[in-house]
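In structure tokens, the next block holds one chain alone, the form predicted on its own.
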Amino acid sequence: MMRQPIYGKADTVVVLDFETTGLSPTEGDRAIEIGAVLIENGEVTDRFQQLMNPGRRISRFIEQYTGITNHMLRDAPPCEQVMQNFAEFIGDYDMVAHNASFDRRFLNAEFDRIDCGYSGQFACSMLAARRIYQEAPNHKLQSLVRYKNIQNNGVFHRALADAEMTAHLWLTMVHEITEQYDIASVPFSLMQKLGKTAKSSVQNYLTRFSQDVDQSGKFSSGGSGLG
């Protein structure tokens, strides 16, 4: 049964992360693990994690980088089976990833292989963090987790662990926007737009946005047009 999301809310999304054989599906690289966290109204309500067999051996570098070994993948289900299950998990929810262009390429490539699509949109937590935390040392996930003192178990480059930390980072950013700019409910479209806003214009953009919405969080007639 497909999930029924609450559309358009930044605190109601699926946060996902892939581990892969390499950097580019157009060069033949495949997914080897997916992890995802479902957030509904700011609370984690479900998780998805699965290793998947790409149909060939992975390099020693990938084994060392991810901790995922060829032995672990040998008996894992094929990518096609895992991605079919993942399509049911995400339903129509909007999605978030850290460096979303990477994860979106692999999601599209793996879904294309099973003739599957999705209706949700993507936002990038890394692009948003570059605007919100401009003073951070850098905007890698591990660095931002330390910078914002986000609780973690020290595991990185495994899909579910990275998805969990990205989810907490995302909710931290959404919460800080609501508090600082007195926005009752942050729309997903705001976070998408924020990731494309010039860094020097972020404060003015969020201030203007907060003035263009009424107390219920809905857009006023003279709003910013983010819809």
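We number the residues from 1 along the sequence you see. Model, not experiment: these values are computed from the prediction.
The form predicted together with the DNA exists for this protein as well; it is not shown, and the discussion that follows is about that form.
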* **4.5 Å heavy atom contact with the DNA in the model of the complex for all of Glu19, Glu27 and Gln64** => yes
* **Contact flag, Asp162 vs the DNA in the model of the complex, heavy atom cut 4.5 Å** => yes
* Does the DNA come within 4.5 Å of any heavy atom of Ser101 in the model of the complex? -> yes
* Asked: Any chance Ala109 has a heavy atom within 4.5 Å of the DNA in the model of the complex?
  -> no
* To do: Give a yes/no on whether Pro187 approaches the DNA to within 4.5 Å in the model of the complex, heavy atoms considered.
  => no
* Just one of 87 to 95, 74 to 82, 112 to 120, 128 to 136 has residues with a heavy atom within 4.5 Å of the DNA in the model of the complex, so point it out. => 128 to 136
